[in-house]
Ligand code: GCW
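Take a look at this single chain in structure tokens; it is the form predicted on its own.
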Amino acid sequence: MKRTPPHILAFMALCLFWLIPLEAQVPDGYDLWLGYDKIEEGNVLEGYRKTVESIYFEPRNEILTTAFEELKNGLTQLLDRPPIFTSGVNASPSMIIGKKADLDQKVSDAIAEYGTIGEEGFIIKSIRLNGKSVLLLTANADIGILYGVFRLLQRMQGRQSLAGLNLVDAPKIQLRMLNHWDNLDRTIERGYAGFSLWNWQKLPEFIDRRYIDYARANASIGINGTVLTNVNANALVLTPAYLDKVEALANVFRPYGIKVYLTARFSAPMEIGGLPTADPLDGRVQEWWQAKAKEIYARIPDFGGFLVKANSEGQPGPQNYGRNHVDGANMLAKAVAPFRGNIIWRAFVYSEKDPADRAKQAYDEFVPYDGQFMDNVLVQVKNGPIDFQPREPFHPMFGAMPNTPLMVEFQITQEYLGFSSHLVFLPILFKEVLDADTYRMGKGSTVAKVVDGSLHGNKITGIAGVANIGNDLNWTGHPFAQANWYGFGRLAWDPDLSAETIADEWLRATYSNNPDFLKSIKEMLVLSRQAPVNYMDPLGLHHLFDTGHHYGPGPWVSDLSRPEWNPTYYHKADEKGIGFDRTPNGSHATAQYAGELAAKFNDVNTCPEEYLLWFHHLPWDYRLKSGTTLWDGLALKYQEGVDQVQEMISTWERARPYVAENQFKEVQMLMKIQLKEAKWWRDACLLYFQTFSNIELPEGVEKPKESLEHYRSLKFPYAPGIRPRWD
């Protein structure tokens, strides 16, 4: 958000020629958190220049060459002069960079921590060499050097001291992936930042600069895998014409340590293979997938494997043939196993034929299969049991399948959080889930420990985020949505990081190191997650969104073809009260949690109020802990959400001196949209629920300016991100 790229400068010149107002036309943001603005003259700059005065670094392969170029370019911009690289250690450099195997023995002997960092970790440490203080950046493997270079530059962006540094870091999760819900026609399901990055029409010959910068951004935060295509899959991506294009992208990403994955449509053997069946136990189907895997790995030796959505929301799967998830996943796992590939099998399943609470269905369907999947299969589980709601309790599958590696799937794109016009800092949500205690192995059995494998000793671990990236100039639509991409990557590397630390890093790298700016805007980011919970789904309400596009409120929707697609299914408002009873008196979904949690959730007196209406149907006059009635408390929460957005706007006004004027105005305009839509949510929901409560709004809650009929009449047929129905 600082340095303007050359292609945007050219556009600015054209705008000047035509006298178009630039501030309304050219947003900043292309550089993401990799702007590397020059450090101001002073002690910090002089200290950095002295530390990296001369550097020994021999780039021996493509990953090390990538690291070399990133270091050279980053230091040149930060220090306002190119670094000097020496030809050997004997030249007494001030900094040494290299893998353990490539370093002089007496240099590598100075490091005792090589055994703790694995293949992707790195060490940045001040050592004494030949009577001189030297900064050493070292690792066991090439990719560790690249990650270390990015971390060094990030510290310098934040003006952190390098003197006496002893940084030893390694990722706690092995597969750290983005899932792109990108379609081959370049639309993006639940995408709010333009069209897909992947220009399939011009690939493989034309390599867009964005592909390289996308890889740079991901490598800088440790993301090492990308699923290029939508989980609602299209079999055509597995044909030779498209594999040519996938191979070209894999070649771009490889020097940044990023593996390519594809989504596999389960019916592909029929759709593009000419077979009469896709039955996973049919020998012809097994041979087809084995041949397809061999074909892909011949082109892309480091191909990661397949992500599969099966027997969910109309997608074909093994149940079409009377088989189960283990049959389907293991069939594909055998096909990629000779090439060390993985199968990631999504657990997002629910059926209109199953009368059980939708929140229970994935657990009921998958937990009995624990221990039956092959070693190269991971089961990917959404963070909550419904569908990426503003707030959900953690999914009960976490901790309940000790013999199966479970990946947590977060949604970085804001399908249920106001799209790219609402500012919502999602690392707060991610941390809430990762820090949640499952109690499966006693107190302290957090979701993070399930995901990183430490709770059950899983040999393979993973985490996924549904990408919020498109071809908008600033990549993510809302400038602050970049922080969610960044934050996901940092938490994928280290789930123990705090959201406040992530906010501080991102703000320093993207905007400013000014302490006044940092203090107020960090507070704004932390506040920004709770605001939409309050103005959309307070006190445990969920899935109140309008149908299809999920844009705006639709708590009245009740006529969809499947009951669990209707908001009325979830809130169950009536004259007696509101909420979904998941206790033993209701759906008994609480039984899927460990006993300690089940007891806590079942008791209305101990159930956390943020999940109150998730687990209980309560009367309108029920007394909350504050002493207010449920109706008054619900209305006041909706108002609080609106007030919080207004507070965010005021905070941003105070940030004006610290950011460029066009940056300021872009966020300011988006915040005005957010405030308008927060009021829309408050008014529409309260008017609708008031038809059941028949109680006046409490003092302190603004009266709606429109009628309920007005809000119910609103239609948005062209809202962005709608799922295509071609399949």
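In this text, all values refer to a predicted model and were calculated from it rather than measured experimentally. The first residue of the shown sequence is 1; numbering continues from there.
Another form exists, predicted together with this ligand; not displayed. Remarks below refer to it.
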query	finding
Contact of residue 601 with this ligand in the model of the complex (heavy atom, 4.5 Å)	no
Exercise: residue 430 in contact with this ligand in the model of the complex, heavy atom 4.5 Å	no
This ligand contact in the model of the complex: residue 388, any heavy atom under 4.5 Å	yes
Interface membership of residue 182, this ligand in the model of the complex, 4.5 Å heavy atom rule	no
Contact stretch among 621 to 629, 639 to 647, 200 to 208, 228 to 236 - heavy atom within 4.5 Å of this ligand in the model of the complex	228 to 236
Site check 537, 679 and 712: each within 4.5 Å of this ligand in the model of the complex by heavy atom	no
Interface residue in the model of the complex among 478, 542, 550, 582, criterion: non-hydrogen atom within 4.5 angstroms of this ligand	550
244, 370, 313, 435 - the one with a heavy atom within 4.5 Å of this ligand in the model of the complex	313
Heavy atom contacts to this ligand in the model of the complex at 4.5 Å, residues of 180 to 196 in sequence order	181, 189, 190
